[in-house]
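First come two forms of one protein chain, each written alone as structure tokens, so that there is a structure 1 and a structure 2.
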Structure 1
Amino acid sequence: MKKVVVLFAILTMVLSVFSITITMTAGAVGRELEALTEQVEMFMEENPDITVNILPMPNSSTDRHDLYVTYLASGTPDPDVLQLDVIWPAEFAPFLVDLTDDYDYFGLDGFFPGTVASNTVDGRLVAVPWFTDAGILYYRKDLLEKYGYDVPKTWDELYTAAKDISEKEGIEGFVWQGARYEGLTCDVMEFVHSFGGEIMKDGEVVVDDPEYYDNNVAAITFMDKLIEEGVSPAGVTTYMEEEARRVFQNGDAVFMRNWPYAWPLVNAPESPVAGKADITVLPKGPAPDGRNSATLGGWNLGINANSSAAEVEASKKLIKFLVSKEQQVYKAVNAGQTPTMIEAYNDPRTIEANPFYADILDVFLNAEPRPISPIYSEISYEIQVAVHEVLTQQAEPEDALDNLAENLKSLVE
């Protein structure tokens, strides 16, 4: 009996020597954290020598960004695997493991090219695309039919339908992300681009350029009009994704701007609007410059350059598992997050769970990036502050945009 105990103790010691623990950050929007927990459990069953601890992060990407700055600047080896917003690779590249030689290991030839390009900085692959995103319009198809409205193709059509239906139904017209955080920048870019405007182009500040200025003013004025005239609630200036989603899912709004993750939640059996909602592209601004526009979103997986060699290798195994076809399909079905692998996007299981994917592939292929810059966080901050002041009645659109132009130029010039 003593020999058995001794052998067991020795075996335990040997296994502990060859096992490793890594930490991965994660968001918790919708079912994201729940689905990831399930996936990590699957991974650990296949890799019993690797333990993965999940570190939940704030849902606000702005707050998450600030935490990453603290972690990486301090030189800490934890967390090992970092969930990175699509606009962060350029800023965080010096702190991430170079994955260029692992291109084939991750099978990146099978991914949407734009998602790989967004993770390549100065020729170095610094992260792997996990899921992609683009802003889309959710609408109550039952209410549009009830009151005789077509799906809006322009912002003016949305305004008219939202105002009329919301007043008759006693609900909100249109909810979106108006809090002062990164989500507001995403919404601003969609309004501005859809009106034919631009804030930055090819690294240059053009917000006050005569070619774009009037359209920029018109876009921000329209956002303000939505709130002032009651189409959007005053509280929308405090909404992030989940606040908007809850209002719409509870049956308390006609339209919602959000990301695809909300689809399975909106249509869950317990949802009050299950079967009553649909999705389409975001509307155009007025002619002649109006066009459809969706901000490119999505999240990627990078590895902390301060992690040990063994932790880096374990992290690569985890990332390869999570971005595999089967796991991307699992994520699309269970969390409503859009695959970055083309084969996973087109998989029948993905399309069955997210039928709108078949109709709006072009939205994801043509989604427009936010300004690409190593100082993007500062650029986004200035955009958030300027527009939020308008939405909260602290500034007029022209004054806010003039100040924005001056502040951005002081950053980049």
Structure 2
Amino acid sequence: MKKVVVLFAILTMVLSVFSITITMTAGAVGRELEALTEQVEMFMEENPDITVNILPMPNSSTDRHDLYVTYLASGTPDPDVLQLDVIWPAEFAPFLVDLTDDYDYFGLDGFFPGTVASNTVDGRLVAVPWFTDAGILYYRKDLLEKYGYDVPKTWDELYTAAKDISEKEGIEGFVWQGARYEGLTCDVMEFVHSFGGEIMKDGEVVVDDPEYYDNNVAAITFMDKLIEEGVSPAGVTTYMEEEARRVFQNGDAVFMRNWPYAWPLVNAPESPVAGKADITVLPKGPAPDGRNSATLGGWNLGINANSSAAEVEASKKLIKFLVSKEQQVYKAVNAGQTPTMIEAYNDPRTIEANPFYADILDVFLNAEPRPISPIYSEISYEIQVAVHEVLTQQAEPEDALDNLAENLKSLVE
């Protein structure tokens, strides 16, 4: 008996020398946390020498940012693996482990190029794309059919259909995210890009560049026109994702711009519009510069630069596991989170759980990142303020854009 105890003690000691504990932050939107817990258990079974603690985070991206700021600024080695919003890598880059040499280790060639680009800061890879997001258009196929409209390909077609149907049905035409917050920047980028405009390019301010200025003005003017002519309710200036979804899901709007997360909810059995809605790419702006555009969203995994070498190694193993094709499929099936690896979309399990992925794969492939900059939050703030003033009738599009150009230039210089 005594021998067994001694042996056990020795074994534990030997194991504890080789075993290591790492901490990972995680969101808890929808089924996200449950799915991750299951995945981490699988990982620990495969790697008995590594213990992973999951640290749940608030749902709001802003609140998570505030928490990360506290962790990173204090220099604590925990948490080791950080779940990062797609707009943060540039800001947090100095606090993250350089993963450039591990490009092949993670197999990043098979990922959407946009998602990898958004994690590359000054040529340095600082995080690995985990799941992605892009803006898409939700529409009421029953109403389009009823009034004989095709699925809109351009913003003008959307405008006409939305105006006509909303007046006849007594509902709203088109709801999107117009409150002054990060979501507005996402929507603005989509309008601007689809009209052939551009706000920042390669770190330079190009808002008032002759090449883009007219298209920028046209895009913002169009957003304003949606509200002024009642196609979008004046209330969109207070809408975030959930406010827009509530209106659309309640059957009170013809079109909605939102992220894919809304699809399972809109289509759930208890949803009033279940089976009546469909999704497609966001419309093109007017020719000749117009194109389809979707803003890139999503989350990435980075490693805390204050973690020890052993913790970094264990973290890399965990990340490689989580972004592997098998696990991306698992996440798509169990949490409805969109893979970043192209292969994962061809898997029959993914297709069965999310039949709509096939139609919008192009959207994800071509999703456009927001400006990559360590002062992103300041840039985004200026964009939000400028456009929100137009949408709330406090400024004309030209004046707002001129101001924006001036403010952004003073930020970037």
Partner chain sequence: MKVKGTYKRSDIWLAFWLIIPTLIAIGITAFYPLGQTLYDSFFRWSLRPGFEREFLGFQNYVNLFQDPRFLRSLWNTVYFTFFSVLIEFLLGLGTALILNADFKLRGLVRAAVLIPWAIPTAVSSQMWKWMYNDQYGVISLMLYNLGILEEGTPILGTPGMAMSAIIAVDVWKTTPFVALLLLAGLQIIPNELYEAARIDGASIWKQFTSITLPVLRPTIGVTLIFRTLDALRVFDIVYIMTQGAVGTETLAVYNRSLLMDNIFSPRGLFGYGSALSVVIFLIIGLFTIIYMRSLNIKLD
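Each residue is numbered by where it sits in the sequence of structure 1, with counting from 1. Nothing here was measured: the structure is a model prediction, and the numbers come from that model. Definition used throughout: the rigid core is the maximal C-alpha set that superposes within 1.5 Å between two forms.
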In this pair, it is the form predicted in complex with its partner chain that is given as structure 2
Expressed in whole °, the turn of the smaller rigid part against the larger between the two structures equals 23
Between-form comparison on the rigid core puts the Cα shift of Asn47 between the two structures, in Å, at 11.4
Shift of the Cα of Asp66 between the two structures with the rigid core overlaid, in Å, rounds to 4.4
